[in-house]
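As structure tokens, one chain now follows by itself in the form predicted on its own.
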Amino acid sequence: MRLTVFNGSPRGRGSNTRAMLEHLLKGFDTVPGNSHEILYLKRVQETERLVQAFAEAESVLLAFPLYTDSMPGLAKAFIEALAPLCGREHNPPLAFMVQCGFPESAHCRYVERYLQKLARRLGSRYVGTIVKGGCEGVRLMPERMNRKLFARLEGIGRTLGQDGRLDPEQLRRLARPERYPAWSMPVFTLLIKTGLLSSYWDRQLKENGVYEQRFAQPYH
């Protein structure tokens, strides 16, 4: 199988999406005869070439992050550029990967429904959507901290490479936690008060010189 991968993260090669794709494709490439190509949607000046690559692909994986429950504008722009291909015969099978910083994968389910509809409109076979929450910082963490995540991604990629499908049980295990149970809310409330949950973001704010403005409400 020849898989054409579109990375829709504005961070491109330095993205969490790329780090996750690396291991997904590692599993995919273990199947003899498989190969892949990765294209970056942040190269907006090459949109025409990217659309042509989609039209000529044997199979496609479109991957992107969610930012506050919305896909990046460049991913949406690419999807809109595919409009002339709607209903064309022999459009490639479509798989997707959506990841977000929110720990609960439930945040990604609404865009998953949109992607199912997108595949129908294009006339492509819908292969499925890989969904995973809690991925902000994956690219920065030591390998050992992501061992379980990466192993599951490699397994999903291997199944995709062997059977041309995404296994629902593998996807379900990867997506955990789908939602946190109600009893965990008091624990998170306590962690928020201690500042432990915001330590990563506080560090980012300090590095960018805006920590003192963290409670600003410019649109209030």
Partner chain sequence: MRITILNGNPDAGNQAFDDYLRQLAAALQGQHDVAILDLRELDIHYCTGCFGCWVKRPGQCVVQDESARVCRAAVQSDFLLLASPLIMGFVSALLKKTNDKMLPLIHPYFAVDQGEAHHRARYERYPLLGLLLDKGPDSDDEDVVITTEIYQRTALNMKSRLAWAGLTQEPVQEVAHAIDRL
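Positions refer to the first chain, counted from 1. Only a predicted model underlies this, so the values are computations on that prediction, with no experimental measurement involved. In this text, the rigid core denotes the largest set of C-alpha atoms whose superposition between the two forms falls within 1.5 Å.
Only in words, not in the display: the form predicted together with its partner chain, which the text now covers.
Judged against its partner chain in the predicted bound form with a 4.5 angstroms heavy atom cut-off, the residues Gln52, Arg158 and Leu166 are out of contact without exception. With its partner chain left out of view, the stretch that reaches within 4.5 Å of it through heavy atoms in the predicted bound form is, among 169-177, 55-63, 149-157, 191-199, 191-199. Proximity of Val111 to its partner chain in the predicted bound form: non-hydrogen atoms within 4.5 Å are present. Its partner chain in the predicted bound form is not approached by Arg2, whose heavy atoms all lie more than 4.5 angstroms from it.
Its partner chain in the predicted bound form is not approached by Val138, whose heavy atoms all lie more than 4.5 angstroms from it. In the predicted bound form, none of the heavy atoms of Glu37 sits within 4.5 Å of a heavy atom of its partner chain. Shown without its partner, the chain has Gly73, Leu74, Lys76, Ala77, Ile79, Glu80, Leu82, Ala83, Cys86 in segment 73-91 as residues with a non-hydrogen atom within 4.5 angstroms of its partner chain in the predicted bound form.
Once both forms are overlaid on the rigid core, the distance between the two CA positions of Arg13 between this form and the one not shown is under 2 angstroms. Superposed on the core, the two forms barely differ at Leu196: its CA moves less than 2 Å between this form and the one not shown.
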